[in-house]
Every structure is written in structure tokens, then in C-alpha cells.
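First comes one chain, alone, set out as C-alpha cells in the form predicted on its own.
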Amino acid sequence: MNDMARVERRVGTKNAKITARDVQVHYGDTHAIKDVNVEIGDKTVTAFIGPSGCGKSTFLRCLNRMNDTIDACRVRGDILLDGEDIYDKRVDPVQLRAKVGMVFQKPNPFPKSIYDNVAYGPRIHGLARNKPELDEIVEKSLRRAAIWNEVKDRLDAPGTGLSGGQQQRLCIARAVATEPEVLLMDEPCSALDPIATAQVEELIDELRQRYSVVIVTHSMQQAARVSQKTAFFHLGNLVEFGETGQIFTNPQDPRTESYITGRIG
């Protein structure tokens, strides 16, 4: 490998927001993720697809060190955010998770008011100097999550009192309130009805103007609708990664084709 290739391997290519190299994940004796290499672009929606238990959510949780919270989990390899190693001992995982926000499968608003759900992150990270600044962050975040008009007159009401789709958009507002650079979404629509799902999908398309979005989805139709790049995982391996249209219409690996046509999964 020449010097230039070594440097690129370490820092990734110019338009990569996240670069993963030779990533391995073990849960105890189970080898859950094997030799994953992928580059995730900025201001792009990247979808992770594959059968249940194939490793897509495990790999997603590597990207903001959520796996650190699991005692038996070991992550090896390099994961770089803008060329910086996120597993470096000097990196504070709490600060990292402000930069790499996450939205989970089941809407999980805090048992607090709508306002306090969104204000929580900016408060603990010291992003507002006073109440007017915090008000501005809360409004901006709720607007970005396309829910401001529905909640602006009841910001003191509990977030848990909203509908499922509204709760998920509130959780997105909470994630973007810390001004992240990357937004991870782990099956964000799986608990939602079709109307709420369509609203969140529309929102994902708007969010990519500002963030790098990575979404795990069990729905190939959803991946086709919202993403520009798609990664297919199978049995802990990243089998294929490329432009979404190409993955769905002209996959290069027979395992990808078998999954897309319904023969495996």
C-alpha cells in the first residue's frame, strides 16, 4: 500500500462524513459484525437494510458509541468522524452523542413537558446563555422536526401525551436541538401508522439538507424512497454498498438480489 493510500485509509476520502475501516463487533463469544468497511457521505441519507439480526442496528450503534453501554460488547477497527477517531480515549462519548444524534425505534419522550424534552440537551451541553436563547433553540428544533405548529400553544403539556407520530417527531426535535452533524435513526417508523410514517419520511428528506442521516429500516420500500445510498447487511457482513437505485435494480452480489426479491430474509 503506498503512502497516499495509507493516509486515505486513515482519514477517509474528502466527502466522507463517517469512515469505517475493518470494524469488528463481538458480544462475548458472538462475532456480530465482521470486517465492515464503509464511507457515509455528508448531507446524504444512507439506509442500512437486511434481515432481522443481521447486524445493521449493532453497526449503527457503533457510530455514536452506544455499544459502550453494553458490558459484553467489544468494538475493534477504526470509525472516523471528519477524520477523527471516535474511539480515541480522549473523546468524551457524551459530547460525541451531541454531534451524532440518535432516534430510536419506539418513540421515547422524557416524562417532561414538550419544551423540556427539547431543551434538555442544550441545557446539559451549555448551548444557551439565557432563557430567550433556549426558547429560540426549542422553537427552531421543533420547526426542523415539522411539529412546531402542532405544539406551539401547549409547550408545557407532557410530551408523553402526544400521538405516536408526534412523539417521534418530538424525539427528532430533541436529537437536532444539540446541533448534531449526523442523525442516526434505528427503524424510526416501525411503531408508526402509515400517515405518521409518511410525515417522518418527508421530514428525513428535509433533514438531509442539513445533516448526514443514517437510517436502519426493515422496509425496502422505505429505503428506496428516502435514501441516496444503501448498505445491505447479512449475517454480520456488509455484503454490498452503493447508490440506492443501483442496489435495488442491479445488485452485484447474489445475496443482495436474493434478499430484494424475497428469497432470503
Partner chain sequence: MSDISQNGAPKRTGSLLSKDARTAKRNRAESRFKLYGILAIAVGLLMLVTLVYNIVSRGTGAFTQTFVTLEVTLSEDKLDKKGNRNLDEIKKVSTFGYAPLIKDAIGKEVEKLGIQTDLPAKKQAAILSKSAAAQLRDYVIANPDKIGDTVEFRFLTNSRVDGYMKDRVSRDSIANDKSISPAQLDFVDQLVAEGVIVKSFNLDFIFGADASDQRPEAAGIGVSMIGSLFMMLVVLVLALPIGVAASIYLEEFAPKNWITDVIEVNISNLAAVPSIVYGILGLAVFINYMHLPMSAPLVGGLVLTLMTLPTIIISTRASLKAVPPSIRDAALGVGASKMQSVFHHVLPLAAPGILTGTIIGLAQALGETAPLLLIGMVGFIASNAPDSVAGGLLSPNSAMPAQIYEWAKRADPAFYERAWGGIIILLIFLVTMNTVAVILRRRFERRW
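Positions refer to the first chain, counted from 1. Here the structure is a predicted model, which is why all the values come from computation and not from measurement.
Although not depicted, the form predicted in complex with the partner chain is the subject of the following passage.
This chain is drawn without the partner chain; in the model of the complex, the residue among L192, A98, V138, L155 with a heavy atom within 4.5 Å of it is A98.
The partner is absent here; in the model of the complex, the one residue of L162, V151, V75, I86 having a heavy atom within 4.5 Å of the partner chain is I86. Taking non-hydrogen atoms only, P132 never approaches the partner chain to within 4.5 angstroms in the model of the complex. Under a 4.5 angstroms non-hydrogen atom cutoff, the partner chain in the model of the complex lacks H218 among its neighbouring residues. Taking the partner from the other structure, the partner chain in the model of the complex has no heavy atom within 4.5 Å of any heavy atom of Q252. Interface membership of L81, defined by any non-hydrogen atom within 4.5 Å of the partner chain in the model of the complex, is confirmed. Across the proposed site, E187, H234 and L238 without exception lack any heavy atom within 4.5 Å of the partner chain in the model of the complex. Heavy atoms closer than or equal to 4.5 Å to the partner chain in the model of the complex belong, across 111-128, to the residues R123, I124, H125, G126, L127, ordered by sequence position.
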